[in-house]
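Next up: just one chain, as structure tokens, the form predicted on its own.
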Amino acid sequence: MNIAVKTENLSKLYGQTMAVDRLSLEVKNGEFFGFLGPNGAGKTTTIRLLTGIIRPDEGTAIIQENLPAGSIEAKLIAGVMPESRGLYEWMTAREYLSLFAHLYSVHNAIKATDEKLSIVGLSHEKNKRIGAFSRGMKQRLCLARALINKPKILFLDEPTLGLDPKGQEDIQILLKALNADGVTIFYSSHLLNEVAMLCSRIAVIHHGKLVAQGTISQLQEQTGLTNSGLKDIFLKLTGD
């Protein structure tokens, strides 16, 4: 199988606002795929459509070649780190992650829980209540939750938000390692330097519509900004 994500004319309407407007894109297995757009462009809505949190009004989306987005089969092989965390702050980190390990029927749930907490640098905080966590620690825990089922594809919405530079670097190193092991990463972020460093291919949406996609060099050619960085490309593609 070569296709990790494919959408055709994917659309979502909220009232009179077309949040996602006939979006057609394709992500290959093993890609580190950047998904960019200004605030309100439709990035989070797209991720919610791809992960089954909401349903489209029109169009289709499939995961891993032939699994309908949002199906049980698709959810079992996907990890999701949404923009809104949805943490149970009265639980400890270990209790919280163990809950999700059991929901996914992960073999040896306690071992898997401790392993993922170690991976994201929270081993020493595993018995602390989540309500006492800093914003950055909560981000790390959300990433651990996204990894608990050993996903084939990760959907990440602002995964380094709230982290200090060292925390950002730690997560970047972890994501690079996961991608090197074959995990497809669908990555939405406002940190353009981070996207340029991590992502092999990038899509840009504006007002719910796809306006460009490709490698940075391809985006440079499409915009005529052959010597410019991703920030200038982004501004030209999304400037009203």
Partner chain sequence: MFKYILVNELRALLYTWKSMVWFLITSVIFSFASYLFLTDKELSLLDQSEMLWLLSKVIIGTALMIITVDASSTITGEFEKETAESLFLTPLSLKDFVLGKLLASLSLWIAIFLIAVPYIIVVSAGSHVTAAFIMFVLMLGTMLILGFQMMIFGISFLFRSSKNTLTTSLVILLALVLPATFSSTLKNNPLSHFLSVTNPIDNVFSSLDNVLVDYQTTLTGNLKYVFPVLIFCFAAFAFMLYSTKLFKRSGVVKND
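Source: prediction; values computed, not measured. Positions refer to the first chain, counted from 1.
What comes next is about the form predicted together with the partner chain, which is not displayed.
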Q) Tell me which of 114 to 122, 132 to 140, 162 to 170, 73 to 81 has residues with heavy atoms within 4.5 angstroms of the partner chain in the model of the complex? A) 73 to 81
Q) Is there a non-hydrogen atom of residue 145 within 4.5 angstroms of a non-hydrogen atom of the partner chain in the model of the complex? A) yes
Q) According to a 4.5 angstroms non-hydrogen atom cut-off, is residue 48 in contact with the partner chain in the model of the complex? A) yes
Q. In the model of the complex, does residue 44 have a heavy atom within 4.5 Å of the partner chain?
A. yes
Q. Even though the partner chain is not shown here, does residue 54 get within 4.5 Å of it in the model of the complex, heavy atoms only?
A. yes
Q | Residues from 88 to 113 in contact with the partner chain (non-hydrogen atom within 4.5 Å) in the model of the complex | A | 88, 90, 91, 95, 96, 99, 100, 102, 103, 104, 105
